[in-house]
Structures are given as C-alpha cells and as structure tokens.
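Starting off, we have a lone chain in the form predicted on its own, written out as structure tokens.
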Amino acid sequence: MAADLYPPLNLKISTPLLELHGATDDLLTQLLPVVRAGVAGSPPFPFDDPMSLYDDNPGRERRWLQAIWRGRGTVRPDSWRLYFAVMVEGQAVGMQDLLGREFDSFRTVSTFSWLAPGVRHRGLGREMRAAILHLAFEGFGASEATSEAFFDNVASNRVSEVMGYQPDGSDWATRRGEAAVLKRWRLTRDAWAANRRSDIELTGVDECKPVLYITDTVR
C-alpha cells in the first residue's frame, strides 16, 4: 500500500550489473545487517550523518531509518530526496540517493551513496552512479549534477572524474566530529549526454513527477 501512495517506492533503474529499487521498508530491513556491520574503523572515514557509522549500538540503526522516513515525508518543489536500494543478484548491498536541490528553479541534483565493504572494488560504484544520473537527466530532465567527497576518498573522487564531472572547488564537513576538506564536482547535461548509455532502463518515472512537482523534463 505504501508504494501505491508514494510512487517513488515503485521506481526501478536497471543496468547490466545491478538494479536500483525504491527503498521500501522491506528492502531497508534487508539492509539492516549491512548497517549493523558497517562501523567505520579505518580511513577514509565517511560523513557524520544520522546513520552514525562510528557508534556501534542499536540507536544508530533507528536514526538511519528515521532519517529515511523523514526524507520521504519532506517533499517540496525546492527540496526532495529519493532513496534506492542497490540490488545485485537479488541481494540488497547498499544505497544510492538522489537529491533535488532548488530543482524547480535550477534543475540541479546531487547524489549520495554507500556500498557494503564486501562488494566494493567491483565497479559497482560507477555503475550505480551511472544509473542514478540516467534517472536525473533522462527521466527528470536535470540540467546538472553535483557530487562531493572527502579529499582522501580516492574511489568516490575517481568515479566522478571518469564520468565526466569537472572540479568545482572545495568545502568543509565533519567526520568523527572533526572538520575535513571536501572535493566538489559538477557534471553538466551536455557532458553527461556526450557519454550517455543506451543500456539503462527506467521504470515508474512518469508516476513520480507529480509527487516531486516536476511539470516538464525539457529545458
């Protein structure tokens, strides 16, 4: 029933290597063991966020779920966030988010993702980024996408670089309560289109547009 009332839960993006499914509560439950086992113990350390990858206690799992539920319920023309479970061979192995920031005015999106340690270094990070960008540009008519990662997160920064993003300055964020430098990246629609893939399939896009206040996809 929740998926019928909130169409983004029916979204699916399919590539040859993986699928992104709207993160229903059933899929979030599948991911709970990954979250439970995902305490960060060595660099590069991730962002501080409601999931709290540094505290090994049940409270962090509740905070993770609560943040996603709040995100579902906070949808405005200028601000929304979609959550996807990354599915590989039928197993949920991570998450990929798409954030619309001032989308009604600027058609700008940003992305956020994580993968279970056991499935990293298999090209999945790049594949899930390609999938979510296809939804943003082809499905929703985005004009540009941004990304950011800590300066020592080589894998994430490399994904942005090889996918055509250009450096876009730096910023600050905290991890483990301490300030650290972020690298910022920017991908224009033209740069994405130059390397657009033909093997990515979108399902359920049109039903989502009214919920996200998207009235057209051409600019």
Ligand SMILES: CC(C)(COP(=O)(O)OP(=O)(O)OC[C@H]1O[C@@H](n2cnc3c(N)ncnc32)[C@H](O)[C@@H]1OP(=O)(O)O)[C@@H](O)C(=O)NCCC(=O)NCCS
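Here the structure is a predicted model, which means the values were calculated and not measured. Residue numbers here begin at 1 and follow the sequence given.
What comes next is about the form predicted in complex with this ligand, which is not displayed.
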task: Determine whether any heavy atom of residue 115 comes within 4.5 Å of a heavy atom of this ligand in the model of the complex, and answer yes or no.
output: yes
message: Please tell me whether any heavy atom belonging to residue 162 falls inside 4.5 Å of a heavy atom of this ligand, as the geometry stands in the model of the complex.
response: yes
message: Contact with this ligand in the model of the complex for residue 155, defined as at least one heavy atom pair within 4.5 Å: yes or no?
response: yes
query: Is residue 98 close enough to touch this ligand in the model of the complex, meaning at least one heavy atom pair within 4.5 Å?
result: no
task: Name the residue from 124, 85, 135, 88 that puts a heavy atom within 4.5 Å of this ligand in the model of the complex.
output: 124
- prompt: Which one, 138 to 146, 98 to 106, 124 to 132, 71 to 79, holds residues whose non-hydrogen atoms are within 4.5 Å of this ligand in the model of the complex?
  reply: 124 to 132
